[in-house]
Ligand code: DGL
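In the block that follows, a single chain appears as structure tokens, in the form predicted on its own.
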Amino acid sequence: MNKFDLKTNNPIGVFDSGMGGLTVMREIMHTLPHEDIIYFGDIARLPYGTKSITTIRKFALQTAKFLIKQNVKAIVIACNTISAIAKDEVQKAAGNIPVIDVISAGSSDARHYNKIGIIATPATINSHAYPTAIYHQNPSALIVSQACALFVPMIEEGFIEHKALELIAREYLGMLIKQNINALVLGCTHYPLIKGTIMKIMGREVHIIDPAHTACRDLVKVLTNKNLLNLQKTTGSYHYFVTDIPLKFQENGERFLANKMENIELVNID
């Protein structure tokens, strides 16, 4: 196993195939304000969900190696597709660098409930990653999955509080309401941005599980146990590496982060 020199002042690495993982970074920024964070978005090669398993693993390993070169002390896989397909490969490359992923985090919380709904992109739903992870921990759980293909484009177009989004959400969530679920997993890193609409439709009785939040909680636990929390008193620095900068990237990114984006660098890791 590769052994890297992990220090408290090393940055945390967060990566995704696009910008959805910025909701995970936002949680980390809020919970661990003194930590330096490096974000990597492989925007030039998205979407990952339509690519072969071999290609996804290749891309994930390229990103992991890039982050390792940045001397990160932890890696957070803020992408459901990569979490489902390539976590083991990333952890192997990372050696003693801890790796946290959103599917493990979300399913760990969901296992405490007996009727669980999962909403995600068609690619994540078709991977069966969340049900597999949940059933492994709670074999008696009833799990209902719903693909929500229109959520991501609507969120990226800024229709977060639009009436059209609510109408579409009611269509998607109607079947889950009929199943009387008591927990709902937000199986896409874009979905925390519309959590308010989802909660309004599902009602207070349904517990909303946000893997971005639980992944951050797991990260805090790992860094604490390994004595790797940054003890500096100043606010952490943030650096963004992307493989493409499309139109509205910064505008959308700042909406996801609820913060200004600076230090954006274009890189080629292929």
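In this text the structure is predicted, and so the values were computed from the model without any measurement. Numbers follow the displayed sequence, beginning with 1.
We do not show the form predicted together with the ligand, though everything after this point is about it.
> If you check L223, L46, V206, I28 against the ligand in the predicted complex, which one has a heavy atom within 4.5 Å?
Flagged contact: L46.
> Taking heavy atoms and a 4.5 Å cut-off, does K73 contact the ligand in the predicted complex?
Flag for K73 set to no.
> For S107, is any heavy atom within 4.5 Å of the ligand in the predicted complex, or not?
Contact check for S107: no, nothing within 4.5 Å of the ligand in the predicted complex.
> Although the ligand is absent from this view, report whether S127 comes within 4.5 Å of it in the predicted complex, heavy atoms only.
So S127 does not count as contacting the ligand.
> Applying a 4.5 Å heavy atom distance criterion, does V90 contact the ligand in the predicted complex?
No.
> Choose one stretch from 162-170, 93-101, 133-141, 188-196: the one whose residues place a heavy atom within 4.5 angstroms of the ligand in the predicted complex.
Comparing against the ligand in the predicted complex, the contact stretch is 188-196.
> Of 67-84, which residues get within 4.5 Å of the ligand in the predicted complex if you count heavy atoms?
C79, N80, T81 sit within 4.5 Å of the partner.
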